[in-house]
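Just one chain is shown here, as structure tokens, and it is the form predicted alone.
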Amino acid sequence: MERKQRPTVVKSTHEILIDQLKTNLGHLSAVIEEQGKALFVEAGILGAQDVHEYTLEFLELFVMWLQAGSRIGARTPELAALEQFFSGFARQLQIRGARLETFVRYVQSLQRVLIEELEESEQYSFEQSREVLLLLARVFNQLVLDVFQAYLREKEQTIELQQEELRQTSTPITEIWDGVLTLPIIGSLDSSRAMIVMEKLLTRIEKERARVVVMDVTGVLAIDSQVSHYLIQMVRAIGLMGAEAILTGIRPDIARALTSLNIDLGNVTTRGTLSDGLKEAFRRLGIEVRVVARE
């Protein structure tokens, strides 16, 4: 009686990689550690123990993802954990002064180590090896892309926060004298910044019981119809709060721009310089400023 031949078991690409990792885990770990030390320890970015721990965590998470057998791109908990590991690792490298390119080189070295390990094995067919190589290329490319996207999102958030902080601090409102506030406007004036400035200004007028506000536009880069509209709005809002506005620092080019835009400043008190504006503010409050000769 003839014996039936057992059917050949065809392993999936995930299973092939799992076999390779489990069979050569110690060797792979050592090679990956050496790659990490060459990139990070020698450059003073990480310590040897840090590299050791990151290596073990990567291998553990990578095996978990392979064992789940999920296709590339599937949003699984195992893939999320792997992405979180790489994102956290990249962030730590940046905090310690490494460039993002260094992280990419490290990921490429991980992929290269796994590929070289596979090439040394002779137990898999050409087609199986090809499928594994494609799997490695897809998963590592996706992980690098995810890190880049997270990096860009974080960068954009940082820039937005810096811009918001700049808007908050770039227009200081100072009480020069009891009842006298100065508002130097520097740079460009968009709708967002204009709203912040006006809100801060009106709050300070109420808090300090200001009677005169000297707005200096010496540092304004350019005047257009929108900026002129914001300035007129501020002057009107100051008047509604029971204070008087004095506009200073109108340069010749700004004067020409306002004239060409048909902006009527007939009801606005203007002075050439901030010093002249302060003198006018003191005069309105009945404050006399004199130069005292030194003996």
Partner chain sequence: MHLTPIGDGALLLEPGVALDPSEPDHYLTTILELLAERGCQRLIYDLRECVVVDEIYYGWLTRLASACRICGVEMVVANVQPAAAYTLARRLSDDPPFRCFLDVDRARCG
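Note that the structure is a prediction, hence the values are computed from the model and not measured. Numbering follows the first chain given and starts at 1. Just so we're on the same page, rigid core means the largest C-alpha set that superposes within 1.5 Å between forms.
As for the form predicted together with the partner chain, it is not shown, yet the points below apply to it.
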Practice task
Answer with yes or no whether T259 is in contact with the partner chain in the predicted bound form, where contact means some heavy atom within 4.5 Å.
Solution key: no
Exercise for the section: Would you check, heavy atoms only and a 4.5 Å threshold, whether R251 touches the partner chain in the predicted bound form? Expected result: no
Exercise for the section: Indicate whether R236 is a 4.5 Å heavy atom neighbour of the partner chain in the predicted bound form. Expected result: yes
Problem - Contact label in the predicted bound form: L240 to the partner chain, heavy atom within 4.5 Å - result: yes
Exercise for the section: Please state whether all three residues T273, D276 and K279 have a non-hydrogen atom within 4.5 angstroms of the partner chain in the predicted bound form. Expected result: no
Completion exercise
Among 131-139, 148-156, 92-100, 201-209, the stretch whose residues bring a heavy atom within 4.5 Å of the partner chain in the predicted bound form is 201-209
Exercise for the section: Name the residue from L118, V107, A81, M195 that puts a heavy atom within 4.5 Å of the partner chain in the predicted bound form. Expected result: M195
Problem - Rigid core fit then D190 CA moved by 2 Å or more between this form and the one not shown - result: yes
